[in-house]
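Consider the single chain below, provided in structure tokens and representing the form predicted on its own.
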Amino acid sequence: MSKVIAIDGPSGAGKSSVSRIVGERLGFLHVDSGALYRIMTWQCLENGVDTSDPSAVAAFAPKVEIECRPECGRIEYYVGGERPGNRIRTPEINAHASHVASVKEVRDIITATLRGMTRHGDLVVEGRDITTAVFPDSPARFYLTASAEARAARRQKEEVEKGIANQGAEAVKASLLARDRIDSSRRYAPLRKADGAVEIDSSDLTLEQVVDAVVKSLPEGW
């Protein structure tokens, strides 16, 4: 049976970077679950679906075909034979993603997709409900957090590096906090720390220190 390291936490807590490096160290495939919700959001907007209308999103979601391929140490996603790239990393997608992700039908589809990825091998999966809803029985569950200021600075730096930055630090922080409020209060699979998950506050830690903390906390034999 495939091993799964489950990592949750709010935006900008370092989930992607930590998960990627942990995967590289252990030979696990890195899975970015948030990208699946971003793809769903992107496709809704591309097809004129009102993301504020849960029934419209629910009706459209089954029509989105996402191909998942293990490539170069991670699961890559394809839509219509192409990778979405930075088209799913824009402020517009950020503004709509939480509304789409709050729809039960969307979460059911993506949860099933994520669970099906175990056929590809051992995984390190990052997201917002991985430890609570997708892989709640994994013996390796973590909750990464950090101060709002630290998270906003990381997200803004990421956007600058990807060439998609058009917001100041305060705007980025406001966007993160707004999404946290929506994700933490949604009815279905809200963002929260799972009982028994190892919490790591990365506000004053380097990336390597967080990675070391995760690896040292893994079950014996992993």
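Residue indices: 1-based, along the sequence shown. In this text, all values refer to a predicted model and were calculated from it rather than measured experimentally.
This next part talks about the form predicted in complex with ligand DC, which is not shown.
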Out of 74, 89, 120, 104, which one falls within 4.5 Å of ligand DC in the predicted complex, going by heavy atoms? 89
Could you tell me which of 37-45, 22-30, 57-65, 192-200 sits within 4.5 Å of ligand DC in the predicted complex, going by non-hydrogen atoms? 37-45
Full three-residue contact with ligand DC in the predicted complex, heavy atom 4.5 Å, for 5, 14 and 141: no
If we define contact as a non-hydrogen atom of the residue within 4.5 angstroms of the partner, is residue 97 a contact of ligand DC in the predicted complex? yes
Would you please decide whether residue 179 lies within 4.5 angstroms of ligand DC in the predicted complex, comparing each non-hydrogen atom pair? yes
Give a yes/no on whether residue 173 approaches ligand DC to within 4.5 Å in the predicted complex, heavy atoms considered. no
Residue 186: heavy atom within 4.5 Å of ligand DC in the predicted complex? yes
What residues of 117-140, in sequence order, lie within 4.5 Å of ligand DC in the predicted complex by heavy atom? 127, 128, 129, 130
